[in-house]
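As a starting point, one isolated chain is supplied in structure tokens, in the form predicted on its own.
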Amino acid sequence: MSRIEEAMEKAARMRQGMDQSPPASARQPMESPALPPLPPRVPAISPQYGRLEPQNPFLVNLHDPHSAAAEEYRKLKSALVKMTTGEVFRNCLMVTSSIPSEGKSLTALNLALSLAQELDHTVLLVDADLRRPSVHRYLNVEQGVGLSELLTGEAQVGETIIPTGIGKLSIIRAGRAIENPAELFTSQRGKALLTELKLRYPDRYIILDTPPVLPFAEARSLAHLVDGVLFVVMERLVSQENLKDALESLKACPILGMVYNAATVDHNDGRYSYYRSAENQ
């Protein structure tokens, strides 16, 4: 069993012991608000940008699908699908960390790519880190109309979605820089937008790449609005005190588990070398 699977199973056991509220399946289903008329499905390839061709080597599920790292992301995907599907589809997830540079954006991207390569789900990855957006850079597409314009009412959802042509992955870029992202996320418009994205298509995962928890307020606000939080921890970067403070600030939120990132590799582990050797023969 991998570190990711162990961590997520441990988080699930802790929730079962600590959560005194009724299980999700026993709760009253969310009453769906009136949504605007359903727009047609976006095409698989953007008529403006074509099929995106990102070159970043850290997108391992795209460029090195047989690597150990790609396999870990597939295990993460499988664990998340088990935890979020059932009588109620908990499809709106966010990825965050304690401090910057722990790998949350790459985790969100590789998780989205892995999910989008399945047959059962479409995926919408939203760059909700309006202070330091990066999704457009990793996917090699220019910045443009995106989440900022949606939050300020300057654009409609259909104008901002870019189908990547990579599996069934679409993205919403961060958009232009704005000064008050925390206030916009907690506004009625921000809450309505998140509800619209979540309920628009019944088979779609929404993954939000958000800012880190400790420096800014947005992630804490969004964590109360989503169905689950995936927390990234980079080995040797974040202190135990920072990690404790970050988790304390999210203790009332639905944390699904943690991803222990950039862990030291055990080169004596032969699980993957077996397959590499077979490929080279």
Partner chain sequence: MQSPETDYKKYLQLLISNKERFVVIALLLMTLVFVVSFVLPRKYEATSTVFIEKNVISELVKGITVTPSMEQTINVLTYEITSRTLLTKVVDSLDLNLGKSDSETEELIKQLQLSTKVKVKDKNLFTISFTHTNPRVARDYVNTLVRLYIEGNISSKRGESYDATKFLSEQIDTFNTKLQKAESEVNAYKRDKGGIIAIDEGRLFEEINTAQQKLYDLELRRRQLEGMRQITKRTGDPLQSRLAALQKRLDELLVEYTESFPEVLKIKGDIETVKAQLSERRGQQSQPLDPGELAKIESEIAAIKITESGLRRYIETNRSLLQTIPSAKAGLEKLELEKKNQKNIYDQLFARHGQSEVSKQMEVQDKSTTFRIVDPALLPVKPSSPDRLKLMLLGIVGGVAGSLALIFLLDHLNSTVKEVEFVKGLGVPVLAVVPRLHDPAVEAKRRKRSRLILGCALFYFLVLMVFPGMELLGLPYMDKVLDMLSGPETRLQLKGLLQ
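Positions refer to the first chain, counted from 1. This structure is a prediction, so every number in the text was calculated from the model and none was measured.
Keep in mind the form predicted in complex with its partner chain is missing from the figure; the text below concerns it.
Using a 4.5 angstroms threshold between heavy atoms, residue 49 stays clear of its partner chain in the predicted bound form. Among heavy atoms of residue 73, some come within 4.5 Å of its partner chain in the predicted bound form. Contact check for residue 216: no non-hydrogen atom falls within 4.5 Å of its partner chain in the predicted bound form. Shown alone here, residue 224 lies farther than 4.5 Å from its partner chain in the predicted bound form, counting heavy atoms only. Contact annotation: of the candidates 92, 83, 184, 141, the single residue with a non-hydrogen atom within 4.5 angstroms of its partner chain in the predicted bound form is 83. Checked against its partner chain in the predicted bound form, the candidates 62, 253, 233, 246 yield a single residue with a heavy atom inside 4.5 Å, and that residue is 233.
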